[in-house]
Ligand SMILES: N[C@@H](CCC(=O)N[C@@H](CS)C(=O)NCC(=O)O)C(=O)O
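Let's start with one chain on its own, the form predicted alone, as structure tokens.
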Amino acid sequence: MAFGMHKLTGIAFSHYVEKARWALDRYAVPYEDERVLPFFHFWYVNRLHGGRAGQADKASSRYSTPVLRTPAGEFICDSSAIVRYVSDTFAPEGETLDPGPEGEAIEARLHDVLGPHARRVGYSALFERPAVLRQVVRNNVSRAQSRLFSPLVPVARLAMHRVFDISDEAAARSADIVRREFDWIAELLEDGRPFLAGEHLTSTDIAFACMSAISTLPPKYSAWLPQVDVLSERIAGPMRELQAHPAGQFSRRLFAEERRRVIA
């Protein structure tokens, strides 16, 4: 079955979904942006491919998002695979996002380590402030989804504890790992390179910018994120340090200079 345009289905504020949006937006690819909430996404993904197209890894399950449905009806279910597909299909000559082998190794670590640990810290911060969580929901999905989700917040919190272990202790360990990964990226940048894998933006830079976004809250993120001041000081203090960190500044520069740049 043929479809008119690409369709991206993803948890509205997910940093993995942001990777896919970035690539699509960069090359001005028309697409339907279907934004859903955690747990609701299982129904949406099941409706799309029934879990048959997804693949479980260190960060995802067979029902994870993003899912990109191509006009030909193919499903691409991994954020890195979506970025590669978009770059290979739509990038003008000399403007691809291919990072080469070294960049691919960096990107794999970001996907497997920084992404999941930043996610745990982020969910811990939101469930610690239910009013902020509800604001995130209201500003990122339809009114119907928001109304359905609001009474389910206590259930969602319990499920998140079971699936992602967002306890204070686990979140503190993950925060330490996030800082370690920021230190690692800063060390790579010490040689003066403008980007992580070459002289121009690649998928590796997009991966770091997106995986770190929950910790740096960049202003050009394509989903609505809260300001650091509304979070608890347990989260806000370390987050301010990460925003000021050399790697955090690099991430925010990528969003400021490259997130809205269109190459077509």
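Note that residue numbering follows the sequence shown and begins at 1. None of the values given here were measured: they were computed from a predicted structure.
Below: the form predicted together with this ligand, not depicted.
Trainee: Answer with one of A236, A53, L225, A59: the residue that has a non-hydrogen atom within 4.5 Å of this ligand in the predicted complex.
Mentor: Only one listed residue qualifies here, and that residue is A59.
Trainee: Please pick, from A247, L254, I11, A23, the one residue with any non-hydrogen atom lying within 4.5 angstroms of this ligand in the predicted complex.
Mentor: Only one option qualifies, and that one is I11.
Trainee: Would all three of W184, F208 and L242 be in contact with this ligand in the predicted complex, where contact means some heavy atom lies within 4.5 Å?
Mentor: No, none of W184, F208 and L242 comes within 4.5 Å of this ligand in the predicted complex.
Trainee: Taking this ligand as it sits in the predicted complex, is V121 near enough to touch it, meaning that at least one heavy atom pair lies within 4.5 angstroms?
Mentor: No, V121 is distant from the partner.
Trainee: With a cut-off of 4.5 Å between heavy atoms, is D78 one of the residues that contacts this ligand in the predicted complex?
Mentor: Answer yes; at least one heavy atom of D78 falls within 4.5 Å of this ligand in the predicted complex.
Trainee: In the predicted complex, does F195 come within 4.5 Å of this ligand, counting heavy atoms only?
Mentor: Contact with this ligand, no.
Trainee: How about S215: is it within 4.5 Å of this ligand in the predicted complex, going by heavy atoms?
Mentor: Output for S215 is no: heavy atoms all beyond 4.5 Å of this ligand.
Trainee: Within 4.5 Å of this ligand in the predicted complex, counting heavy atoms only, one of 228-236, 27-35, 199-207, 59-67 shows up; tell me which.
Mentor: In the other structure, the partner sits against 59-67.
Trainee: Heavy atom within 4.5 Å of this ligand in the predicted complex: which residues of 20-58 qualify?
Mentor: The stretch touches the partner through H41, F42, D57.
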